[in-house]
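Below sits a lone chain in structure tokens, taken as the form predicted on its own.
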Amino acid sequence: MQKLGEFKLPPFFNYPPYFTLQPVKETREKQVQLWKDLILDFCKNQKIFVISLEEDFSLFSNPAIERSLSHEAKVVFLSALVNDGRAEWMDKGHKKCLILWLRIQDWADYILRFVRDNGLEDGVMTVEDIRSGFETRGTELAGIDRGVLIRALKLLEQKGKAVLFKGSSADDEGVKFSA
């Protein structure tokens, strides 16, 4: 089985036709689904939140079989993720895509579980502590995209589970949990 770093690639990754958009509807639907799953799994495994179509992305080519996805194929696969609510275009030109390997609601649920599991109810943490602090090392929260984290925290705030407050700088932004 081929690997990309420590990530195990699925068998279709070595099948050249899967790097070309398939013309037959049923085949293309299967192809799109396989690529969506692969993109989400790879991004989660590598903690990648943003894919830029203007930069090389290792998953979109396979040097072993001398194949790469066309720009059109990349847009088709990422747009399919957007349509599923698993990604969002970050710009009008569709050049950068935010990958939501966990949906915002799922991130909010994960944060709440983390808070409860670690006895942090009624505690205060900075946004940066959540992204890179000692408590979150080795968890899904370590290295989380700041924008994704803020959106999840705002969702918790809307539900009365957290209160966000601003400090004098972005590093001072904090959250008080009331799980």
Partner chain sequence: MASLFRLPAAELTTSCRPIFLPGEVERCLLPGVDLESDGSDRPTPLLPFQSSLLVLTSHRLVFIDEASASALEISLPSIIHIYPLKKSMSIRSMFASPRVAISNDGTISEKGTKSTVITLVMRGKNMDPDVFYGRFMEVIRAREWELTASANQGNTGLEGSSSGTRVNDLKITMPVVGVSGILRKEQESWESTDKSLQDAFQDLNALMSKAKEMVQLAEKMRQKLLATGSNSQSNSNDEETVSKQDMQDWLLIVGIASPVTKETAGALYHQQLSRQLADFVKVPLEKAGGMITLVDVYCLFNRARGTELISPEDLLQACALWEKFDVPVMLRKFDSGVKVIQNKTHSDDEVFARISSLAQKPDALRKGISPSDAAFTLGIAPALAKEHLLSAENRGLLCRDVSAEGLRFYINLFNEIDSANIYLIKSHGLLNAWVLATTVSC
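Small disclaimer: the values here were computed from a predicted structure and weren't measured. Residue numbers count along the first chain shown, from 1.
This protein has a second form, the form predicted in complex with the partner chain, left out of what is shown; the following refers to that one.
Partner contact region in the predicted bound form: 29-37, out of 108-116, 134-142, 29-37, 53-61, criterion any non-hydrogen atom within 4.5 Å of the partner chain. The shortest heavy atom separation between residue 155 and the partner chain in the predicted bound form exceeds 4.5 Å. Under a 4.5 angstroms non-hydrogen atom cutoff, the partner chain in the predicted bound form lacks residue 177 among its neighbouring residues.
When contacts are judged by a 4.5 Å heavy atom cut-off, residue 12 counts as touching the partner chain in the predicted bound form.
For the chain shown alone, residue 67 is a contact residue for the partner chain in the predicted bound form, at least one non-hydrogen atom being within 4.5 angstroms.
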